[in-house]
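Just the one chain here, the form predicted on its own, laid out as structure tokens.
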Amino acid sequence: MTPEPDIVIIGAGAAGIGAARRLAGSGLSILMIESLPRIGGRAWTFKTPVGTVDLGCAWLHSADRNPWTRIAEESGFAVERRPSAWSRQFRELGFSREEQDAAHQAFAEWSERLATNPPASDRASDALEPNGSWTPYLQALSGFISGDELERISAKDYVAYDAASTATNWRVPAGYGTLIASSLPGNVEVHLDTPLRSLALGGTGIELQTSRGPLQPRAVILTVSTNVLSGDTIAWPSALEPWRDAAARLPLGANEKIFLEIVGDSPFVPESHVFGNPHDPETGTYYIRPLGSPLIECFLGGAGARSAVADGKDAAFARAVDQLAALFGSSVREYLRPLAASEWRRVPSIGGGYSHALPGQADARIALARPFDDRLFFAGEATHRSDFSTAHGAYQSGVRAAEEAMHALLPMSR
């Protein structure tokens, strides 16, 4: 490794790649380290016997303004713009039209209360209708959206994301993870499978201890997850306690996916969707045969995701098959086989899905994004004020951190 580069980027996910792309051509020497043996971070297109699946981010959210849409098109990746099936329950199985309308109305009214009359506690659960019959459904949605129950979600934080989102969601058939991993500039020195062990600050210098030896850069762009920054897998200097405290107030939620292979002449229709059980906050929600592929993608969030990790993959697959059999009939069991599953909470260098602010802590995103002494610059989805929890928010944060670093290291850029 180059021992004294101008900038070390820690993390080869969407934020690190955004930083590297912005720094390209700056004249600064760049080195990137990543603890995983692959590029992409929480973006991972995984090969299975029946095709690729995205174990992490999969949808170009706010696609009409998402920078990854432009990058995809400039790089020759196809972008699928057809509307998704998320808002429709296939043949109203287990979820009648009347129930769907009532559930959607409950969600709309709760969202409106958050935006126009937010609770003084900033606790999203305090905007729920007392004893509301659709509270389990809203808790399930909170799991999918934020990775945690509404009692632990900041109303202000939720509204900031909701107000910024365009609700336009597109896909990259080749895989979002493939797009992100292929977008790293080719001239960046990258060292995979190279975890950071410690970061120390001298008078004006920085020393990084990695599994491959020490580094002494002029500046660092740090893109580790909030769970890693607030945790103890890396030794941090005491000067970073305010940033570690901010990270602790922006924990990663629990978000996991499991995939079932469809075999034989099944009754599953391409591009369809079912909500497993709208009365169960641990339910999965199922996207069936996306883009015609022979599989079912099951999303789990909050309590459902935590149970999937705690109980193991076999139990998670079994619960998913049980929910689908309850909707489509027991005969569908013969068509379903376990295919792949994520375990983001068990990845030491990540530790969960994506960030959410705890009640009263939305401004922690601002605190986390502040540079330290024009030497350390912080990026990652958690540092974005409104596009947090997304790959495009991560990318934008990397660009912002790179510009801050250039401003500090290149006097002519000021």
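The structure displayed is predicted, hence computed values, not measured ones. Numbers for residues come from their place in the sequence shown, where the first is 1.
Omitted from view is the form predicted in complex with a small molecule, to which the following refers.
This chain is drawn without the small molecule; in the predicted complex, the residue among Ala85, Leu339, Val190, Ile234 with a heavy atom within 4.5 Å of it is Ile234. Proximity to the small molecule in the predicted complex, taken as a non-hydrogen atom within 4.5 angstroms, holds for one residue of Leu28, Ala369, Leu376, Ala58, which is Ala58. In the predicted complex, at least one heavy atom of Pro195 sits within 4.5 Å of the small molecule. The small molecule in the predicted complex comes within 4.5 Å of a heavy atom belonging to Trp344. In the predicted complex, the small molecule sits beyond 4.5 Å of every heavy atom of Ala401. At a distance threshold of 4.5 angstroms between non-hydrogen atoms, Tyr176 is in contact with the small molecule in the predicted complex. For a residue to qualify, one of its non-hydrogen atoms must sit within 4.5 Å of the small molecule in the predicted complex; all three of Ser349, Gly353 and Ala394 qualify.
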